[in-house]
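There is one chain below, alone, in structure tokens, taken in the form predicted alone.
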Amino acid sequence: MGFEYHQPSTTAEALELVARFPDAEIIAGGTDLMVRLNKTRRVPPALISLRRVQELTHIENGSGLRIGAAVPLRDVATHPAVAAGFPALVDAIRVFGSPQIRNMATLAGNLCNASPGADCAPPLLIYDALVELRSAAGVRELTIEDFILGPGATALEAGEIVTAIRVPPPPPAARSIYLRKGRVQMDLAITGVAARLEMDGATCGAVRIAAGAVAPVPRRLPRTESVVAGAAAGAETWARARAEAQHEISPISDVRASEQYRRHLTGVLVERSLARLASTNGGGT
């Protein structure tokens, strides 16, 4: 038993197909979907590809970025505006799978897969990104926290598709970085930490810290942020942030790492990222 394959050329056509096939699978790169279908042997009634919807294949650089749902990760990482203003996102894409995967996979697909360890989610969290969803009823936008509800679960409603990821412009003086650790190259993350920091001389200003693979969803670490904001930059502050991060997360033990090791490693990455961002050379823009 096979399935129908559709390649709409407009968003309106895609929405018509979604209404016609409510149980269809929506694909852009399809890198996660095809693995899942092979594993479950489930046959959907239809696949609806967004790759030919031209309005979803562009990055718009105006008041922040609007990254179309069908833009491959390779194109996101090499876009001048992304490289200049959002280095943590570039860091995450560089460690995302293989070049072949990055040539196909998309930001929207990574979020819709809703993996707790999604590499692109922590950077998007520290950048206050929004997920743009469209249906026949109109457009709505959700924060990453409101969009990813749990492992494999999102707030995507019947008749909706993700059309873009919107990222507001970062503060001019902010620096950002993403650090992660996996068992081997191209493995899923044991933990991943994104951080954004503004400095006021030797004092830490506004800070954003997010982690993946250490809770049911990628998440911000507000208690750890509060330890850093307004504190003197230096080893004592970084050590306090490390300890707080280890208590703030809720990791599990699985085949990749134990709960204790995830706590330890997350603390190390928080400490390391903050130290790099506060250093003379910084960790990005």
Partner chain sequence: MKVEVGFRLNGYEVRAEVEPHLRLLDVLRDTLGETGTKEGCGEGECGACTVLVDGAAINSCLFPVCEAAGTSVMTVEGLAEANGALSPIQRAFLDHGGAQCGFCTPGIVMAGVALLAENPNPSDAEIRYSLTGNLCRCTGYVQIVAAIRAAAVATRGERGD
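Only a predicted model underlies this, so the values are computations on that prediction, with no experimental measurement involved. Positions refer to the first chain, counted from 1.
FYI, the form predicted together with the partner chain isn't displayed, but the following is about it.
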Report whether the minimum heavy atom distance between residue 217 and the partner chain in the predicted complex is within 4.5 Å. no
Any chance residue 59 has a heavy atom within 4.5 Å of the partner chain in the predicted complex? no
Give a yes or no for residue 103: in the predicted complex, does one of its heavy atoms lie within 4.5 Å of a heavy atom belonging to the partner chain? yes
Quick check on residue 52: any heavy atom within 4.5 Å of the partner chain in the predicted complex? yes
Using a 4.5 Å heavy atom cut-off, which of 92 to 100, 154 to 162, 206 to 214, 121 to 129 contacts the partner chain in the predicted complex? 92 to 100
Since the partner isn't included here, can you check whether the partner chain sits close to all of 7, 35 and 43 in the predicted complex (heavy atom within 4.5 Å for each)? yes
Out of 257, 65, 233, 27, which one falls within 4.5 Å of the partner chain in the predicted complex, going by heavy atoms? 27
Contact set, 161 to 199 vs the partner chain in the predicted complex - heavy atom within 4.5 angstroms: 185, 186
